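Below you will find one chain, with nothing else, as structure tokens; this is the form predicted on its own, and questions on how it binds or moves follow later.
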Amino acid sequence: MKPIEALNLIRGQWQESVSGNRFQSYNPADTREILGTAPRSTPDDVDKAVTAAREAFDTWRRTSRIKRGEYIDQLAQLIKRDLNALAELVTRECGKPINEGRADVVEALHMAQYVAGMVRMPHGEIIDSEIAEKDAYILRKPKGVVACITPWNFPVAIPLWTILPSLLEGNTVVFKPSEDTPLCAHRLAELFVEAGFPPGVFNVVHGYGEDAGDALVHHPGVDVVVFTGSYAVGRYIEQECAKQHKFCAVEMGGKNAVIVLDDANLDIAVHAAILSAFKTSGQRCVSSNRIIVHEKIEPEFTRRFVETARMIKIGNGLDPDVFMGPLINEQGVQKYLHHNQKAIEEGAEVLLPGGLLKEGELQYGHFVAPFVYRMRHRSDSFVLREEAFSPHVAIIPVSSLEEAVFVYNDTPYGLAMAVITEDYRKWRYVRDNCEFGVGYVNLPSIGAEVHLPFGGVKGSGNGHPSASALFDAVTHKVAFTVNHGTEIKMAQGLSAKIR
């Protein structure tokens, strides 16, 4: 693969960073392979991009909503055309297996198709007024310039979850992709240019969070910050936006779980738990580091789960038979090792020892094996409450449905969960009493669809989810009332006469 030299996109022009500094992007499955470089942007670059977006806003918001949707539809056609090439780039740059790389791009395509389709759907509401001669309306208006700051693990899909609803509603965008996957973002930006979006409507600044990301959060020309990533950064963004009276929508981490009840179909339970724990090497915000299992069936479930986990094929994601690729970087490896050591210190019964994989070609990548352990729940446990973002999994025995729900809720997070049961009363109890934003029955805790809201509660988000629900975060709902009568009549019986 020929190295890609990514650039910033500002006012429709490809630009180097003001400093001229660049950083490398490499293949986490083989760190000897440098895939390309990208600009290390500074606050000066951010200022140029925000200024371009601000200048383009007035014309873009006045553009027909149907026309805005046509640009997005054209983008969808280009994604479909380049689907296989994009999928391979995703796999090379973020390491996940090729079927997951393809799924990432398909999800991006689905988001583009969904948003393009929204342009001919009802937009706003007509509400009856208290006064017969009046008509009342609820309209949506764009908020202005939206900063979209996205993670590496879905480098094509998640950006479109945030960018496309923003653009459709008449906002302009400055996109700051993850420094771990700048080349996927650059290729996406090339498609935006090819789709014909007007200059300044969509802008890209590459770089690190402490430079470009922080400058976006604090720029006075940014009206909305949309962020997907860690709790620590999301919390910081919330605090900084509050100081500026600036709106933000943050989707953060999770300490998710699969709850396996005593009547569960074990074939479904094991399969769902494996997918929840080890897809993308546990590096999804909806990955489950906890499998909460009724003690009646826990021994048999655990035996089958461990046997299956032991058979997982780990390697370069370009091999179609690989189930689990590498971790994204050395920091991810060190976090994984730290969580594993903490589990041992907290008295876990280790069932699979995990560890670094350094045989053959694996020695050149960030490869690790599943770490699986059994442990009773403790409210003071670090490993049972904090996100590991790796193939680090606890099997937690419980004695009842009520205890399972308590254990699930006993973390700072509330993003995703799944319950495996054949009893509709039990899954309804779980649905109504667990604290989550994305839930599943007899399925893994992964598998979101773009036409559903995606976000969490507690430390997992601030109630403004992505995907289909982002429209509310990037628009103002305004009330508009029209009098068709020949005199003024006031609501609530208020007199219109001046005495």
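Note that this is a predicted model, so its numbers are computed, not measured. Numbering starts at 1 and follows the sequence shown.
Another form, the form predicted in complex with a small molecule, is not on view; read the next lines as being about it.
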Practice item. Given the small molecule in the model of the complex, answer whether the residues T150, D214 and Y231 all have a heavy atom inside 4.5 Å of it. Key: no
**Study point:** The single option of V270, A394, L75, C285 touching the small molecule in the model of the complex, heavy atom within 4.5 Å
**Key:** C285
Review point. Out of G439, G447, P453, G463, which one falls within 4.5 Å of the small molecule in the model of the complex, going by heavy atoms?
Key: G447
Check your understanding: Does any heavy atom of E298 come within 4.5 Å of a heavy atom of the small molecule in the model of the complex?
Key -> no
Review point. Does I237 reach the small molecule in the model of the complex if we count a contact as any heavy atom within 4.5 Å?
Key: no
Point to revise | Contact label in the model of the complex: D262 to the small molecule, heavy atom within 4.5 Å | key: no
Review point. Is the gap between E107 and the small molecule in the model of the complex 4.5 Å or less for some heavy atom pair?
Key: yes
Review point. Just one stretch in 114 to 122, 418 to 426, 157 to 165, 140 to 148 has heavy atoms within 4.5 Å of the small molecule in the model of the complex, so which one is it?
Key: 157 to 165
